[in-house]
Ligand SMILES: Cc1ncc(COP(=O)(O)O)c(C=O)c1O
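Listed next as structure tokens is one chain, alone, in the form predicted on its own.
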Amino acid sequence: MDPYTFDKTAAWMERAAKVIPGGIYGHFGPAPYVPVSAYPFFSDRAEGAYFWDVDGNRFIDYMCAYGPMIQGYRNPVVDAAYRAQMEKCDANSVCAPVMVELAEYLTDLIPAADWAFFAKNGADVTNLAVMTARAATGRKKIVAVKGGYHGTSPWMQGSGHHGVIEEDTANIIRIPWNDVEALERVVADNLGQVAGFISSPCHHPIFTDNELPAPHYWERVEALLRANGIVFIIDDVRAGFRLHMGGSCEHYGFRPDLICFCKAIGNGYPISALVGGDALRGDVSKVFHTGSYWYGAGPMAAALANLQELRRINGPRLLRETGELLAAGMVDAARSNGFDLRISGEPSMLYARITDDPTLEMQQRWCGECARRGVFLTSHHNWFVSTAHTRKDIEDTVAVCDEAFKAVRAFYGSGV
């Protein structure tokens, strides 16, 4: 197929740069997309597993809005629930009953949950989780994993980031992933000072292979934290409901004190949740944490319908099967063109990397060639599949991957 062109995207970017800092800020901005000329930056519409950019190009989307889309854009079940609630009320001066219904559903769905608290972004609930850990223990220090991402609040970033000062991260201790001994040393060196440990259930950093927990890793971590009165926080913002409807902890077999959800919980509608056990109910209720739109009823109705539908169709199983099919097809396409493609992480949110490319230059070019042919993915971040992706979508994607590998080989010639 002929590669796409992005004339209207360029025109919109020029307009945006005049009135918006950076044109597009944050993780949707152009900085991580190399080469920039291979990607669209403005969409016109979306449906199912696809979006169309302002130039009319259609893309099979494997970023899924960076995770919020899990059942397809404009999902009829989720959208109908949202519209029905919006006919009654959304943001209001008092709460809508659907907030209670959603909390009841989550506490029934998730074994670790006896209560639920709602907000808008993942960082809202990771912040609340850390505040709750400190309130419950009277301690300051938080242990996190190097390369882990928990939002953009100053404590979550680190020294060297613009606007972050040394005091913001003075009580944050970073340790390597899958290293129980490092956690043991930190706990021993800071005896009685660690309030909480926060981590994603599996390790999904950017620009590198994703990693699953080692055998017995979570079992050992949980025992160590329990023995030392440290609050156990799982950031399930990215993986939540993709691995198990009861939370990713059920998939891996452990029980945290607090779980942070966002992204897939509302299939694109703005809502996040912190859930936890009875032991922390009193502590979390004393922490003041709120927002102007956190009680919006429309997204709560959408989340309830989304979770009910995911449970009905066994969404995590479908996502795993689709991810496995995609991974196998891409690996075969790579091999047939003389490349070795390494797949890491969970199949429903996999990361792919050309192994003989330490600079990522070849990886970036391959992902860009895929984007120019209608398969939207990135070279720096894990991808996502949704329940809307069909077998035909996977077949079409693999065909595009094959063309993209051929284009990369032609660019590099015998140097590949």
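When you see a residue number, it is the position in the sequence shown, counting from 1. Just so we're clear, the structure is a prediction, and the values are computed from it rather than from any experiment.
Separately, the form predicted together with the named molecule exists; it is not shown, and the next lines address it.
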What I'd like checked is whether 235, 238 and 263 together line the named molecule in the model of the complex, meaning each has a non-hydrogen atom within 4.5 Å of it. yes
Name the stretch: of 296-304, 118-126, 158-166, 222-230, exactly one has residues whose heavy atoms fall within 4.5 Å of the named molecule in the model of the complex. 118-126
From 329, 151, 270, 246: within 4.5 Å of the named molecule in the model of the complex by heavy atoms is 151
Are any of the heavy atoms in residue 204 no more than 4.5 Å from a heavy atom of the named molecule in the model of the complex? yes
